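To begin, one chain is listed below as structure tokens, in the form predicted on its own.
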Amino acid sequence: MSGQTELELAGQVVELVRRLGGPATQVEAVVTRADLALTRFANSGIHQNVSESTVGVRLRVHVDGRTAAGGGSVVTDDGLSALVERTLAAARLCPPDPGWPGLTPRMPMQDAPPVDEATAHAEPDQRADRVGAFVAAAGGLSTAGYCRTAHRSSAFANSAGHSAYGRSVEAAMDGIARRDGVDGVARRSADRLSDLDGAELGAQAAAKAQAAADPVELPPGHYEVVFEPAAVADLLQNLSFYGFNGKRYAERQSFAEPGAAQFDRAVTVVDDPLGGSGLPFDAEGTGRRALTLVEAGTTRAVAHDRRTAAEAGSESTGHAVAGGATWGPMPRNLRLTGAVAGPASAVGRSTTGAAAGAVVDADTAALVAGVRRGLLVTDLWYTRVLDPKSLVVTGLTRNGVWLIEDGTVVRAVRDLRFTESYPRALGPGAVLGLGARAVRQPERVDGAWWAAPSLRLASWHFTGGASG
């Protein structure tokens, strides 16, 4: 970049496109510098510490009624010229784009929360300290996982004269403790590395591994469930991608019906991109803000980018993503809140015997205490959508399932396969309680996170064992 800032480089790309493609060419450019660092451990020891610093350029052009996008990481003059030339060439070969919504005009941008500089410039020994605390707290069990930090600075510019700049940071830790081939897991995402407590996470993972010994098989059927935050995060992710997506809504492939009471009154879902240290603009340069998707059980909105907003006669909600013409706009910072479970019980009162340690926080304990017979589920994984319209999903439990009887966790259960409609499971009368504290779960997608409390549901359909 030869000393150029991200914003200067984005402006240079815009001018280069107009010079090579003609002054009538519409163009937007996003330049992102990413500093990523990862400390990975296995067999209770650090075996890898890696970091990378990259600069990426994403470009979208609209010329002669046709639209194309391109990207690259070579930011020399020759590299940028090659990127622009091949993107313009691709546009000439694309079919006409009658749905092109035009560029984002100049607009005031909301200030993003300040980033934590200590996290942005974290050193390897700071991540290693948290790994060491995780391993020590596991009490001799074999452990594995990672601690990572990320710092991104991103700039947007387009040929309509609009520009924007922002920074984001993230820290995350995800680890397991293993006993006799059974894993317990703990994970957390935060805006500050200092908020990650390796000892707390290691102790939770170890307690779950100890409690998961000697699991029994249960028959398939509908069970009342208490989902821990990691499992609830999967619900939020699928609701976001397949339900609150303006493109899927326009194509009638979404369950969402704005104005309808589709969820239990205990449920409120807000997309809150600036609730952490997120970027203040989306892929089209539109300012981001909080968007209430569900309020007290009633669906209020779906997410829009400029294309879906134009089709709907609405305005962009600031949810454009790269490749949005294919995938549609996605809310990626969902927070689930609502009516809480009531006074939290002591954690130890919700477990007994060999299952002691299955419940690791007071919120979950309060929910478990109200269950006559049901299951405590740590995590859902390998989830696949069978029917997008009703959002019927199949998947597996993972990292610990326990039987609850009369408000007490009594024994570990083997993993189960499920098939369930997520909206139905969260429907009116189906939510029996939410934890008071939403725990942010890490996500592989840049800038995405899901803030989820523990959740008690009246019914979840398990169809058989994990191998069935």
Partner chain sequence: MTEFDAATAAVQAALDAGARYADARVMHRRYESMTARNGDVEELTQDESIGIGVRALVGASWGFHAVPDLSDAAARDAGRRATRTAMASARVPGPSVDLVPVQAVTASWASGCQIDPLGVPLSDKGDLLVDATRTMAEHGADLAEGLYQIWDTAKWFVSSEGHRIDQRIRECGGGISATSIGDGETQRRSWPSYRGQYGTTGWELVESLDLAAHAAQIAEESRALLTAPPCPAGETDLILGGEQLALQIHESVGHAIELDRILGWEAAFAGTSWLDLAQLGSLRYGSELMNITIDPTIPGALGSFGFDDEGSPAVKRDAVRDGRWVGVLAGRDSAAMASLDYGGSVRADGWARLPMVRMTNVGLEPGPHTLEEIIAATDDGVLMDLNRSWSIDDKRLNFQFGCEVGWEIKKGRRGRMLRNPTYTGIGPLFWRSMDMLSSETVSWGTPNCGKGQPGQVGHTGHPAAPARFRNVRVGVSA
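Model, not experiment: these values are computed from the prediction. Residue numbers count along the first chain shown, from 1.
The discussion below concerns the form predicted in complex with the partner chain, not included here.
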| field | Partner-facing stretch of 110-118, 261-269, 153-161, 94-102, counted where any non-hydrogen atom is within 4.5 angstroms of the partner chain in the model of the complex | value | 94-102
| request: Kindly indicate whether Ala233, Gly275 and Arg373 are, all three, within 4.5 angstroms of the partner chain in the model of the complex, using heavy atoms. | output: no
| Considering the partner chain in the model of the complex, which of Ser314, Thr292, Ser194, Ser390 comes within 4.5 Å of it through any heavy atom? | Ser390
| field | Of Ala325, Leu80, Ala369, Leu218, the one that lies within 4.5 Å of the partner chain in the model of the complex (heavy atoms) | value | Ala325
| request: Decide whether Ile176 counts as a contact residue for the partner chain in the model of the complex under a heavy atom distance cut-off of 4.5 Å. | output: yes
| Would Gly140 count as touching the partner chain in the model of the complex under a 4.5 Å heavy atom rule? | no
| query | Asp125: heavy atom within 4.5 Å of the partner chain in the model of the complex? | reply | yes
| Do Tyr165 and the partner chain share at least one heavy atom pair within 4.5 Å in the model of the complex? | no
| remark: Contact check, 37-53 vs the partner chain in the model of the complex, heavy atom within 4.5 Å, ordered by sequence, gives Leu38, Arg40, Ala42, Asn43, Ser44, Gly45, Ile46, His47, Gln48, Asn49, Val50, Ser51, Glu52, Ser53
